[in-house]
Structure formats: structure tokens, C-alpha cells
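Let's start with one chain on its own, the form predicted on its own, as C-alpha cells.
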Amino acid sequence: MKHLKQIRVIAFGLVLALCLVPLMAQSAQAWEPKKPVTVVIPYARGGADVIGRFIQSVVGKYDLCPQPLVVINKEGGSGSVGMKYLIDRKGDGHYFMVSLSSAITTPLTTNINFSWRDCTPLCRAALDRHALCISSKKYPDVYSLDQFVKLAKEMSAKGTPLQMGGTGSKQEDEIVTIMLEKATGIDLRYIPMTSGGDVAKNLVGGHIDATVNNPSEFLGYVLSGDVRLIVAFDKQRVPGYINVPTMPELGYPDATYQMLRGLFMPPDVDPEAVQYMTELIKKVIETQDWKDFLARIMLDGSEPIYGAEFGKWLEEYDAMHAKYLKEGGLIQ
């Protein structure tokens, strides 16, 4: 009889264990999206929008997520409208934002009461490049940075500083212009314009003297010989820039700048949701489609960083922007 009771106890234990297996499996299951994932673009169509929609296409092509990605544009306020929209989705892991360096510059240069620090840093997916470009027709004899610096000093002495076109005010192009001035001791007149395309047309047309815009905006003009690249603000030489030195090569090790292409999630998101999105983005970045895409639009995606490491990099990036904005008299 005692033996029979022991058998019953063991049998009951086995049945109970089998009943608990589904519950244990359910509790151990990793977070997954339960509704479409919204990709917030805090700008109109263009740079960040292209990246967001490409991520969407890769996820769909390889069926990387059980829910579709939906891209929405929340432009306005130099990226602040979209950032605020993301922040208001507090705790919801079904959102991430694709942002440019305005995630840094807009909070520094405006009176908004929020910043990238109110978001959850997800990934530094890529970096865009800047180079000093001049009109080949207007300045056919200027090939080097030394020649450009000499020209700039001569024009300043005459009371007519060289006009540097750039996209926007108190944004990346103006910051790089300030960086160039501080490094070389020259004075330039910055002319804000509406877009990189507008800058390119004015440069080729001779309405401005130079720019430090993204060379990808000028690729057609460079190939046609209308625009000449003088120097790159990268730490290493850029593939595709034939015989174009970098600022560090020429003795200016601190005069480097790359424009952010970063992903952020709302604040207070479940760490499991952050981990899910991190793994999702890693899968996208590992595809050959992504590598080909970056090469096509001349972005540097060689060293993506995630989470806390990305957050630490953002603090340093923020400090660098604040430094040059103060030196240029653009903020207090």
C-alpha cells in the first residue's frame, strides 16, 4: 500500500510538472511586438526618411519581424516635433525614431524643454561625411587647403570674406564652417540655405564661393568637374574621394566631423523590447542590402554601436557641438 501511495505521489508530480511547462515557456518567452512597429521620421522626405524606409524594406524582404514596420513623417521644428512625438510614446516598445544630428543641435540652440536624453538610445547606425567643396570654374587654380586658406585671408583683408553656403542655421554645416575657421585662422561668411541641392546649385552657379556640405549631395557635379573636393573632415580617407586628404592628415587632428544617423526609442521602454529592437536592427545592418545601400549614398556604417555605448558617444558628441556653437557665438 505504501508503495502504491509513492507511485501516486510521483505520478501527481509528473502531471503537475507537465501542466506547468506551458506556463513556464510563456513566462520565459522574449518580448515581441504585438502591433505594427512605427518608425518615426522627424523630418520631411530626404536623408533620415530614406534610411527609415530602407530599414522597413529590408525587414519586410527578409521577414525579420512578426509585425510590419510603418514609417510616418512628423516634421517641424528642426526635428523637435518628431522627437516630442516619440517622447510622448513613453513606455511603448513599438516605436523608434531615425534622427540626424539635429537631435543634438536643436535642443542646444532652441528653448525646447526636452532632448535626446529623454529618449532611449538604440543604435548609431551610420555616419554621414562632410568635405570642403569649391566651384572649379570660379576657382580653377585652388586645389589644396593651403591655397584655400590663402584665398580666404586675401578676401577677408579686402573686406569681402568668402561666402560659405550650407543647409540651415546653427546646424551641422554651420558648425563645420566654424570648425574650419577655428582650425585654420580664417574668417568666412556663412549663408544658410534650404537644402543641400540648393547649396549645390548656388555653388555651381557661382553665387557662393564654397561649402562644407555632404559630398553625396554634390556627386554629380564632382563627376562633371564643376565642383572640386579640397579636404574631408573624416579621421581616415574616404573610399571614392580620389586624392582628397583629411584634416588630420594636414595637421588638424581635432577638425573632424561626421553627421549622425541614429535610432532612438521612447523613454522607459521595457528592456526586453529594447533588446528585441536592438537584435532586429543588427539583423538589418548585417545584410548585404544594407552595406550596398550605405556605399551607394556614401555613408560610413563601419562601426555601428548600441545602447549604453551609443549613449556615452552621444554625450561626447553633444559636448563637441556645444563647444563649437559657443565659439561661434551661436549659443551662450
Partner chain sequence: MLDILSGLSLGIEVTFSTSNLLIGFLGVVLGMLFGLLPGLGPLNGVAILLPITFVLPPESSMIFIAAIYYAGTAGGAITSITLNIPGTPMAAATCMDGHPMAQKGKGALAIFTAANSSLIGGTLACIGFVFLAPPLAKYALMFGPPEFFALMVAAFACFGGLAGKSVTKTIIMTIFGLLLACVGMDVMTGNARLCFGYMGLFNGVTFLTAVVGMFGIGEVLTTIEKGIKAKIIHPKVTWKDYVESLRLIYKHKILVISDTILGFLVGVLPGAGATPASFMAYGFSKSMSKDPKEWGKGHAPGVMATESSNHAASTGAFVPMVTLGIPGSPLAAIVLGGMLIWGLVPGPRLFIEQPRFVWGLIVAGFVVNILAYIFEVSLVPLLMKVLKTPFTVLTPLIVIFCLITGYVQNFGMMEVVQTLIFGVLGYFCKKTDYPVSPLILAIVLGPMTEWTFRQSLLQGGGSPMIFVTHPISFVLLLVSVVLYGIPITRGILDRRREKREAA
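These numbers were taken from a predicted model, which means no experiment stands behind them. Numbering follows the first chain given and starts at 1.
Same protein, other form: the form predicted in complex with its partner chain, not shown, and the subject of what follows.
In the predicted complex, every residue of the candidate spot (73, 163 and 219) has a heavy atom lying within 4.5 Å of its partner chain.
Though the partner is left out of this view, residue 293 does reach within 4.5 Å of its partner chain in the predicted complex, counting heavy atoms only. Not displayed here, its partner chain is kept clear of residue 305 by more than 4.5 Å at the level of heavy atoms in the predicted complex. Within this chain, residue 191 lines the site of its partner chain in the predicted complex, having a heavy atom no more than 4.5 Å away. Mapping the unseen interface onto this chain, residue 242 falls outside it, with no heavy atom inside 4.5 Å of its partner chain in the predicted complex. A heavy atom within 4.5 Å of its partner chain in the predicted complex is found for exactly one of 124, 129, 228, 84: 84. Interface residue among 99, 120, 78, 214, judged by heavy atoms within 4.5 Å of its partner chain in the predicted complex: 78. The stretch in contact with its partner chain in the predicted complex, judged by heavy atoms within 4.5 Å, is 203-211, chosen from 179-187, 203-211, 147-155, 248-256. Counting a residue when any of its non-hydrogen atoms is within 4.5 Å of its partner chain in the predicted complex, the hits in 137-172 run 163, 168, 169, 170.
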